[in-house]
Structure formats: C-alpha cells, structure tokens
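In structure tokens, the next block holds one chain alone, the form predicted alone.
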Amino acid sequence: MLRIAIQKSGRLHDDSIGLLKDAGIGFSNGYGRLRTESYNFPLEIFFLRDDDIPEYVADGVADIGIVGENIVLEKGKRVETVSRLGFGKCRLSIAVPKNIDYLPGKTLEGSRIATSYPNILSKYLKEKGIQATLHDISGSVEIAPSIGLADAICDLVSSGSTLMMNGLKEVETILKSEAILIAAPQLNAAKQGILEQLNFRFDALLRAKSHKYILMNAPNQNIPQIIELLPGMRSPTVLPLAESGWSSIHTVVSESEFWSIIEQLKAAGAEGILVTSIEKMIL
C-alpha cells in the first residue's frame, strides 16, 4: 500500500481531495480524521500540516505527498518532485508600504524584512548582494510594517488583495509556486508501481484541463484548409452531415492554441463551432 500525505486544511486541501476523487480514488474524509484508507485503490491517506509534509515524506513516514513547491524549497528536505499539479498557483513576493519609492537593489539594503520563508529569502538576497535583517514569523506577516516590526515583508501572494488591505505593494517576485507531487527517494518496486498508476490518472486529469474538444461544420471544399489550421492530436475526425456537401470536423486542441486560431477557422468557412470540456485525456 502507498501512503500519501495531503494538507488537512488550508488552500491546497480541497483541490488535493478533488484530485484524488476525480482520479477514481474512493475514501472517507470525515471532519477531524487524520488518516484513512481508500476502499478501491491501494492508498493510505494522511492529513497533515503542510509544513510537515516534506519531512514526513523525506523520513519515509509517508511515501508521497501533495504540497506547495514553496514549502518544499523552504524546508530543503531530500524529496523527489514527481509532477506539477496545476493548482494552488501563487508567488512568493517582497512587498513594501505603498508610500515607499522603491528602488531595486537599494531600498532593501539594510532593511528589516518579515517573512515565513527565511531560507528562500536569504538565498535570494545573497544572490542579489543585499544585506538585510530577517524576522522569521508565522502568520499575519502583512501587519509587520504597520506595527513597526519590519520595513518590508516577503510572503505568498495570490490576488494581491491582502497586500492592498494592509497598505502594501508588491515590488519583487522571488518564486512562482504551485502544488506538486513529491516522493521519498528510492521507493521499493511495489510502491513505485502504485505511484506510476496514480500519477497516470493524475496526468490524464491534468491534460484534460488544458485541452478542449471542438466540433465545427464546414463545406467539404474547405476541409483541407481547416485541417491545416488545426494543431490537434493527429488527424481530426471528419463526418458527413445530412446536408450534401457539408461535414462535421471533430478534434482536440489545447485551449490556448484554439483561441489563437479561432478567427482563422471562421475565415476558412467553419461554422457552428462548439467547444466542450474533457473529463479525462489518455494518450
């Protein structure tokens, strides 16, 4: 049985639960439970504090874990990144009071910076050749400048609304982070096999989220031109319509590519274009 650690609460909890269940992993996650087992897949699930997950995986208490990349880098534990999971995206940034005229490389020199990520920040400042005093605090980092504890902060940012509410502005991004799947080094063959099965399911879900299934109608004489425009998987499916001289074209494309060619498809004679989501995508 493979043991996975996920957040028991916090910003990655719901998405981690959703990913497992969308991957067909059935389990009970009642309120207050710290561990549970899947009833249809060889997986035991631990619900832990996000800060503890890298250590549990590195020590072999858990075999794999879902955690923010920022936590993995801050803790510096010996774990392997299996895959990036596409949710929980944020950035670790430096912010200063809005009334400060910020000068890169100068404003932070000799300053006091409050952060929950002293290791990542120390490395960044060293690379930039900046001397600063770090205050390692947990929680409510944004309040530090207003109470005189620090001149700047370094913290996770998603929308930036919390910074604005506390009279701060984002001035430098140190790291872009998202949820990742990590594993303990040198899993045995049996556990490695289960991990590959699980990651196969995750890949199918994540690939589907970034692709769309599209259908369109077009005059038969325009089909070669339209197919030339489509960047989809191999050759699209072409089916004749009841109306003579017309066909329906079906294919899968990445969402970003589709939006970049939509006008070209219309100009090439495509009509009635439908775009639908894909639940799972297996190559």
Ligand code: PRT
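Quick caveat: nothing in here was measured; it's all calculated off a predicted structure. Residue numbers run from 1 along the displayed sequence.
As for the form predicted in complex with phosphoribosyl ATP, it is not shown, yet the points below apply to it.
J.: Does phosphoribosyl ATP come within 4.5 Å of any heavy atom of D51 in the model of the complex?
T.: Looking in the model of the complex, residue contacts with phosphoribosyl ATP include D51, since a heavy atom lies within 4.5 Å.
J.: With the partner left out of view, is S122 within 4.5 angstroms of phosphoribosyl ATP in the model of the complex by any non-hydrogen atom?
T.: No.
J.: Quick one: does K106 come within 4.5 Å of phosphoribosyl ATP in the model of the complex, counting heavy atoms only?
T.: No.
J.: Using 4.5 Å between non-hydrogen atoms, is P145 touching phosphoribosyl ATP in the model of the complex?
T.: Contact with phosphoribosyl ATP, no.
J.: Among 94 to 102, 126 to 134, 67 to 75, 207 to 215, mark the stretch whose residues have heavy atoms within 4.5 Å of phosphoribosyl ATP in the model of the complex.
T.: The contacting stretch is 67 to 75.
J.: Only one of S158, T173, T81, Q197 has a non-hydrogen atom within 4.5 angstroms of phosphoribosyl ATP in the model of the complex; which is it?
T.: Only one listed residue qualifies here, and that residue is S158.
J.: Would you mind checking 73 to 91 for residues with a heavy atom within 4.5 Å of phosphoribosyl ATP in the model of the complex?
T.: The stretch touches the partner through G88, K89, C90.
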